[in-house]
Structures are given as structure tokens and as C-alpha cells.
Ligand SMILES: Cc1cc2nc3c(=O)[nH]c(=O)nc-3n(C[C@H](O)[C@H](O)[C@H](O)COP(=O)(O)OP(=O)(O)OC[C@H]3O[C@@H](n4cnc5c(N)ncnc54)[C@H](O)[C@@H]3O)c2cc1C
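Shown next as C-alpha cells: one chain only, the form predicted on its own.
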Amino acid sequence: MRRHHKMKNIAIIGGGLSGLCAAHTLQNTCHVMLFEARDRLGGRIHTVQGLDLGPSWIWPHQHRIIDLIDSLDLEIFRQYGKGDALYETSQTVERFTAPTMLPSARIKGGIVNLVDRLAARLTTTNIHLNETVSCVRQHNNCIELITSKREYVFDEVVVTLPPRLALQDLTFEPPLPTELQTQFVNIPTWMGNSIKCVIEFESPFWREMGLSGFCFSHAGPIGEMHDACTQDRYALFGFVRSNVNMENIEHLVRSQLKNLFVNQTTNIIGFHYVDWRAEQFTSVEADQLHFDSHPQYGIEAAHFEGKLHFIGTETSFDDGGYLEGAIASVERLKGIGG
């Protein structure tokens, strides 16, 4: 006689890419409820008017994200890199031929399309927006969740928050082991110290000047700049240096652009930015510290006799910090619904 196994009730905390992929992986074999503190899905994936203010690049070796894009019938296009680059100091702007970059690509229409199409496939996942989780408590053979709206009981829980944020915003009963807490504290949140801005123009004048849009600066508020054009919008994006006064950021950026592209910036039609350091549901105070190289990511973490799982791009040993890492971290959940 065939036995029917009761489907587990699973909670996923966080609706970024790893949370959405986890829900997609588990929803056919488990009852899945996803909690997101924001009023939108995507986490650090954030697109405004087709312009990406969070991560945007996909690299050729990242087969998981490429396979996901293909499965969702999305299209990618190559990052523009033709032409010379600019190097700015306090005294001068120099034009030079930059070394050839590894080919990167972006998603047509903005990376938010990845979130929207993936979310559309979560047909049996119960999604709760604007609901923060404050406490994760082990009780007998179950796990209780206390949120801003009510209490819930689950068989297992998946936490997708950056480790530092999870440690700050969630109370665990019983507490996480001291060693694990120390590991979490020492894992920087990717983009947690970033300020990304996008400047939109009437035309891509830099391309007409034989420039790629790439600029490296020691002088202006934007330390690194790239072409951010889409199929129907013309833009540059840049990362703002951490010591810049954000109260006057648009004026400072306009002044820098005027210095870089003399008499070419009167056609600015839009200015957007996100200070990820100030995003309540992304980073903590410690993330404002600058780091000069890509952090060493990757950690295997669980609690409550293996019923509480920690995933997310910072936990991934493979491409940690990137979109690819967010997807890779989900692979450790494949045994939950079995």
C-alpha cells in the first residue's frame, strides 16, 4: 500500500532572488509561505523606469543565472564597451584606451523582469509583503515565527537575509551558537556599502564622442562610471564614493559630468540613486566600512537540529556576492521536500 507523506510547511524569510528561487524550488513539494519586509519583491534587485539601481551584470561563466534567464524567456544584451575611457584627477581629465573587460551582459527591460517573471511562477507560494519577522523560536518539533502581524508555526524555516542583517533583526530562541554569530558578524553585506546612481540623458553623446562611458575618478563624487543605456533610454551609471555629502549629491554629480564631458551635459533628463547603506532591510551600520577587494564569501549554516536554514548570496562559496551566488545557495535546500 502506497503511503502519502504529509507536505511540510516551510517559511522563507526574505523575497530577494535567493528567496524567490527557494520558493520556486520548494513549492511543488511543500506548503511555502514567503515573508518580505518591503512592499516589493527583489531585495537588492531594484529597477526604476528600466534602469537598474542594484545589480545588473551577468557574466559568461555564471551558468545558473543564464539558465534561469533562458527558462523565463528573457533576453540579454551585451554591456556597451566600445571606445576610450576617461581618468579624472583634481587637475585634469585624461582620455585613454582601457584594457578589454570581460564580456558582461544585462537583461532587456531591466533586471526587475527576472523578479517579476519568477514571482509569476510562484503559483502556490503564499507571499506576504510588508510583513517583518522579528523572532524565530524553536518549540517542540516545530518552529514558531513572530512577525509584525501575527504568529505562525512551521516545520522548517529558510532565512535568506544577509548574515549581519539576520543577526541584527531576528531574535533566535534558543540563540545561535556564539561561533556562528561571530561568523555572521564578519560577513560583509554585498552592496551594503554602495551608493549607485543613474543619470539619464536625451542622447548617448559619449558614444558619439568615441567614448565607452567608462570613467575612473579620484576627484568627483562618482568613483567609477559605466554606460547604462537600454533599448530605449540613454544613461550612465556610477558608484558614489563613500565620503560624499549625499544632501547635495545631484549638484555634485552634475558638476563632475560637466568636467568630464565639457558642454555635453545640458540634456540630463533624469537622476536616480539608491544609498544602499541607508536601506533598512539591506545593510547594518558595520556595512558602511569600505573594503578594497571582493570579500571571501561562503558559509554552511543551520540551527534548530537542521530545521533552520541560512542561504543567500553571502553564504555561497560559488560566486558569493553575485546573482549567481544567490541562486547557487538554494541548491542546499533540495532535500527539504523529499
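Numbering starts at 1 and follows the sequence shown. Owing to the predicted nature of the structure, the values given are computational and were not obtained by experimental measurement.
Same protein, other form: the form predicted in complex with this ligand, not shown, and the subject of what follows.
Novice: Work out which of Leu118, Ile249, Leu176, Leu170 lies within 4.5 Å of this ligand in the predicted bound form, going by heavy atoms.
Specialist: Residue within 4.5 Å of the partner: Leu170.
Novice: Out of Leu308, Leu26, Leu68, Leu53, which one falls within 4.5 Å of this ligand in the predicted bound form, going by heavy atoms?
Specialist: The option sitting close enough to the partner is Leu53.
Novice: Would you classify Arg38 as touching this ligand in the predicted bound form, given a 4.5 Å non-hydrogen atom cut-off?
Specialist: Yes, Arg38 lies within 4.5 Å of this ligand in the predicted bound form.
Novice: Could you confirm whether Val136 comes within 4.5 Å of this ligand in the predicted bound form, counting heavy atoms only?
Specialist: Close contact is absent here: in the predicted bound form, Val136 is far from this ligand, nothing within 4.5 Å, heavy atoms only.
Novice: Since only the chain is shown here, I'm wondering whether Phe239 would be in contact with this ligand in the predicted bound form (any heavy atom pair within 4.5 Å).
Specialist: Contact check for Phe239: yes, within 4.5 Å of this ligand in the predicted bound form.
Novice: Indicate whether Leu17 is a 4.5 Å heavy atom neighbour of this ligand in the predicted bound form.
Specialist: Yes, Leu17 lies within 4.5 Å of this ligand in the predicted bound form.
Novice: Choose one stretch from 119-127, 155-163, 224-232, 210-218: the one whose residues place a heavy atom within 4.5 angstroms of this ligand in the predicted bound form.
Specialist: Of the stretches listed, the one contacting the partner is 155-163.
Novice: Scan 184-198 and write down, in order along the chain, each residue with a heavy atom lying within 4.5 Å of this ligand in the predicted bound form.
Specialist: In sequence order, Trp190, Met191, Ser194, Lys196 come within 4.5 Å of the partner.
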